[in-house]
Ligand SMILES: Cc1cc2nc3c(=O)[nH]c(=O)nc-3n(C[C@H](O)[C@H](O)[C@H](O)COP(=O)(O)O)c2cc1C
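Have a look below at one chain only, the form predicted on its own, in structure tokens format.
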Amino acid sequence: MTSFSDPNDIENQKIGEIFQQQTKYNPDKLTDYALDWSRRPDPFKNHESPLAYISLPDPEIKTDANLWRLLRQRRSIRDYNAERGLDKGHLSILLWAMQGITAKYGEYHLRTAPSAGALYPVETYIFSRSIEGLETGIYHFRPQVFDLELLKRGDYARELTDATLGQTIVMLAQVTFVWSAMVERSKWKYRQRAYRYIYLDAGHIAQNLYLAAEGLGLGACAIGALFDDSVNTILGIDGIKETVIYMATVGWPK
């Protein structure tokens, strides 16, 4: 039988138990907190000097994909046809499904996936291995202008495979998505509770990816097992203010 530590016995708790207990909301502790709007972080990330800006085609959303069928058929697909390329139109639809802006409400840009407080702390990076019209390399997606920033040229399939505990699906997939968290973007409002919301946000985004991939006849597989700082290094982020939290591969199923 599984045993759980006394929530008041911090010294003997495991880190996961401490996190769960210390991020609980308590009505007695919320009354003395007010937001400092002057410290609100920028809702979008832009790199100062990317190698290039890559425009994306407008997403052509299929209207014949039945949501209930997609939910029923959705599976994690790990076996891809590595020789077949993906086109930028497919990539555009996948990115829009994950984090496309669908409306503006005051200062908030609402997206296809929900986010706590409409703060959207999750950033999307891609490793393009085999996308027609897009050179192999690491890119950052900017939803506010719907384009890509080219950050690094070259094939990072082996490095990402090693960083995901040897999961060779990265070497077969046409594209690998990497999600990071801009932590302060959520902590500004939710303090330590923000970490819970960040992980929930990432899950919403990943499910949208799964459904969009299924609708396009593609296969997707999420990756949670990864060496965080190895992936942080590949992306060029510090692992503290911004840190990798989740990944997923997409490719043509065999």
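Residues carry their position along the shown sequence, with the first being 1. None of these values were measured; they are calculated from a predicted model.
The next section is about a form of this same protein that is not shown, the form predicted together with this ligand.
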Can you tell me whether residue 210 touches this ligand? I mean in the model of the complex, with a 4.5 angstroms heavy atom cut-off. yes
Consider residue 158 of the chain shown here, and say whether it contacts this ligand in the model of the complex, taking contact as heavy atoms within 4.5 Å. no
Answer for residue 225 alone: is it within 4.5 Å of this ligand in the model of the complex, judged on heavy atom distances? yes
Test of understanding: in the model of the complex, would residue 202 fall inside 4.5 Å of this ligand by heavy atoms? no
Proximity to this ligand in the model of the complex (heavy atom, within 4.5 Å), stretch among 184 to 192, 40 to 48, 216 to 224, 58 to 66: 216 to 224
Tell me, out of 112, 167, 81, 136, which residue has a non-hydrogen atom within 4.5 angstroms of this ligand in the model of the complex. 167
If you apply a 4.5 angstroms heavy atom cut-off, which residues in 54 to 82 are near this ligand in the model of the complex? 74, 75, 76, 78
